[in-house]
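Have a look below at one chain only, the form predicted alone, in structure tokens format.
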Amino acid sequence: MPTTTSAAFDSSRESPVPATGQSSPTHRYSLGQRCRSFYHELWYRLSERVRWSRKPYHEMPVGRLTDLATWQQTCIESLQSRYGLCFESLYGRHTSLANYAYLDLLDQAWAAADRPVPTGGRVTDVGCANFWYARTLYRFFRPATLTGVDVEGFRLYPTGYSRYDAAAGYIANLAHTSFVIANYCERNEQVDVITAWFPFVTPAPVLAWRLPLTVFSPERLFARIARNLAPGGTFFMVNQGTEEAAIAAGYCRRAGLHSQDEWMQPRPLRPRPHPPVASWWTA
């Protein structure tokens, strides 16, 4: 059965997309950034101390997706047919479309790179937030185990449920799937596939996610990914646009990861300000 677990916290924290560790001394922040960071730190620490939780939260299914462009509807119908998924029967409109968008990116990226999908292995997603896309990863990689790791587990939503509650709902009925609250930089594991969707490689998105800058340390994050990737394993990363992808690639190379391929999605299912850039890495 799926499990939702909690690990011990320490002074180094991680972010929802994905978590890293203590901020590097090489990063310099403005006074405004430091003030915002301090404010976010107070609320962040409070939520993790209180650890509010009710019960697993399940979205009200939208039932049917409407007001889609013809090409979007065609794409979704193709994904439904090939992967046997109907997200709108499980989730609201926003989460359903977001899952189809992630599945479409995975489907297109691996086909364009002409790479065999590594199925049946151990998969970890770093910085999974509430792991709303767990079912997408589960169906695409068909893993032996699937783990979503995030440092922030108890952010409270307007619904009165916490991130922990939401994650428990999203992983329900997915065998051998877990949501782990932990500092990924301190997590020792050997897995076959590591995924990271839009990881923090610059400080601005950290503050935009209402997180303190103490969570920002891409150096430690990518070093840990390199150590945790099993021999012959794959690190799959998606970044916001070519500029961010280039910054992330620099961190990957300094961590000892080796580039295998890169692909930019020409037409995301859900419009984005910057085209998603997918890349494959090995240790």
Ligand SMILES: C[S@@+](CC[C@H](N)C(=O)[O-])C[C@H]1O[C@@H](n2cnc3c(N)ncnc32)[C@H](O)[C@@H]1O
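Keep in mind it's a predicted model, so treat the numbers as computed, not measured. We number the residues from 1 along the sequence you see.
Note that the form predicted in complex with the named molecule isn't included here; everything after this is about it.
In the predicted bound form, every residue of the candidate spot (Glu152, Ala182 and Phe200) has a heavy atom lying within 4.5 Å of the named molecule. With the partner omitted here, the residue from Phe141, Tyr100, Tyr164, Tyr133 that has a non-hydrogen atom within 4.5 angstroms of the named molecule in the predicted bound form is Tyr133. Residue heavy atoms within 4.5 Å of the named molecule in the predicted bound form occur in exactly one stretch of 124 to 132, 73 to 81, 169 to 177, 86 to 94, and that stretch is 124 to 132. In the predicted bound form, none of the heavy atoms of Ile225 sits within 4.5 Å of a heavy atom of the named molecule. The named molecule is not drawn, but in the predicted bound form it has a heavy atom within 4.5 Å of Val215. Taking non-hydrogen atoms only, Leu221 approaches the named molecule to within 4.5 angstroms in the predicted bound form.
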